[in-house]
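Next up: a single chain in structure tokens, the form predicted on its own.
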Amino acid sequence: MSWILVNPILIPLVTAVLAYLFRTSPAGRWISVAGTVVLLFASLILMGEVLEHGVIAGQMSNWQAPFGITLVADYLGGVMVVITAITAMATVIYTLAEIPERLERLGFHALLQVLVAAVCGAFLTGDLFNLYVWFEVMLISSFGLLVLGGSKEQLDGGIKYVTLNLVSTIMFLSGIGLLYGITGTLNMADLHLAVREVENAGLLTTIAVMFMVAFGVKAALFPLFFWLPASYHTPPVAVSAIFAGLLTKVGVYALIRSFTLIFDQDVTFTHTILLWLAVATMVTGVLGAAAMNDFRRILSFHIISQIGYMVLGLALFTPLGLVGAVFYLVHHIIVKANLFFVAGVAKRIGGSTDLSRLGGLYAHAPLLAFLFLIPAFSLAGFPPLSGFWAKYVVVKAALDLEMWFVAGASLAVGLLTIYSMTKIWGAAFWPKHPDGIKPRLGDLPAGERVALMAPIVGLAVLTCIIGLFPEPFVQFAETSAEQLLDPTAYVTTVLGVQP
């Protein structure tokens, strides 16, 4: 079991070393592609073990929990690793047509693979200190990718990105120190038991709020999201896509894991805060998107808006709410990465991501237009695509609790999301190009065209599969929610004792 759990972390780290050693030759990029393919197979093997056993755990170097380093995967952790592998493979294939040799020689693929390893590590770690370590590895590698190339715009966005994330790191590390001080452990399974012995409930709730702020910054929750729209439009599109798909979801995952497994003693207080933060995040994100006139900036603000739905599912803290949160996580990673890929192709053939400088994509690139509509409609919640089912479950969970305002706000945000997607269609796809350009996919070299379009087609197909055949995915999310609300199997597997 240990090797099955280690492989999704080890494979991208080994790939990073090899890609760096061969960064000055074309072999480097193909090593990166091969590494993501192997990672996908390893993640599927891991998922197969999770489906068979429910929860699996491994103790590194045979140091038994809670004293050693524990890796653990349940349904949620396993599926997040699989989606990470899929997104990484799609991104690396896309880079074959986008990333210039100059950036490859600077170590682009090595940084990308380290980022993927850090994301997988965050999803699989069983203790809070190692979660902090993976957060730091993720921050360093993502900052490197963000500023690689050294343009003024990139450096400006990178400084904003790293500054606020360092504040999050300090808050997280401070919370870890305080939590260790009152419990004597950082193993998450052990913490599930230890926090019940803490006499100072007020201090424990204060620590929970510290974790909420720290993870809220990572997840881009209101009002701590300003770093995201200030930075995500500045790097190459492939970098924006993997950031949009994965980075904020690690923050959401950390919130879900910690506020179901550890901080569930004062739900009335902590989850009420999460509830109103989720609503504020949805509303401010979608209003920001409506005000933008740049393809990637609109999509960046929509990341924020959609994060609100995921946190809302957690905040409701019902089985159906958590089903919606898990389903939304999986759906959104695929859809959001795909929309950024589409934006990159639009820029490549149309010359810009500014909507006022785009046009003619429907007339001259109908395949791209069709492939835009799939993730755009899914993001907006049109049936029968995956986004419809995700939104439906979250809104239904709110209605079951008679939270009419929350449900109404969720539906209103969905309508404004439709407005934003219509705005992109009406400016970039429907009218003629303002400069008379005819943006054709056929004008691209065949190899570049395949590398750019293959990830878009693949992710669009996956979105349609989830939407048209939702039952197995909903059942999977239901099992994930059951494991989160009743972590008995998680604790037993890690510690070897009944809680």
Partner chain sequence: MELLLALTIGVLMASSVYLMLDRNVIRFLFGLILLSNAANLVIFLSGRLTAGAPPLIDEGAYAPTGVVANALPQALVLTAIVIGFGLLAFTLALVYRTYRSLGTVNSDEMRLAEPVSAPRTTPHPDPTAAPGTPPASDPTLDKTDATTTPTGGEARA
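Bear in mind that the values here come from a model prediction, so they are computed numbers and not experimental data. Residue numbers count along the first chain shown, from 1.
One more form of this protein exists, namely the form predicted in complex with its partner chain; it is left out here, but the text below deals with it.
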Counting non-hydrogen atoms within 4.5 angstroms of its partner chain in the model of the complex, say which of Ala280, Val133, Leu261, Leu416 makes the cut. Val133
State the residue from Arg257, Lys347, His271, His192 whose non-hydrogen atoms include one within 4.5 Å of its partner chain in the model of the complex. Lys347
Against its partner chain in the model of the complex, would Glu49 count as a contact residue? Criterion: heavy atoms within 4.5 Å. no
Is there any non-hydrogen atom of Tyr392 lying within 4.5 Å of its partner chain in the model of the complex? no
Any non-hydrogen atom of Glu471 within 4.5 angstroms of its partner chain in the model of the complex: no
Any non-hydrogen atom of Pro236 within 4.5 angstroms of its partner chain in the model of the complex: yes
Want to guess which of 71 to 79, 405 to 413, 353 to 361, 113 to 121 is within 4.5 Å of its partner chain in the model of the complex, heavy atoms only? 353 to 361
Using heavy atoms only and a 4.5 Å cut-off, decide whether all three of Arg196, Met212 and Ala460 touch its partner chain in the model of the complex. no
Going by heavy atoms, what in 160 to 184 lies within 4.5 angstroms of its partner chain in the model of the complex? Lys160, Val162, Thr163, Leu166, Val167, Ile170, Leu173, Ser174, Gly177, Leu178, Tyr180, Gly181
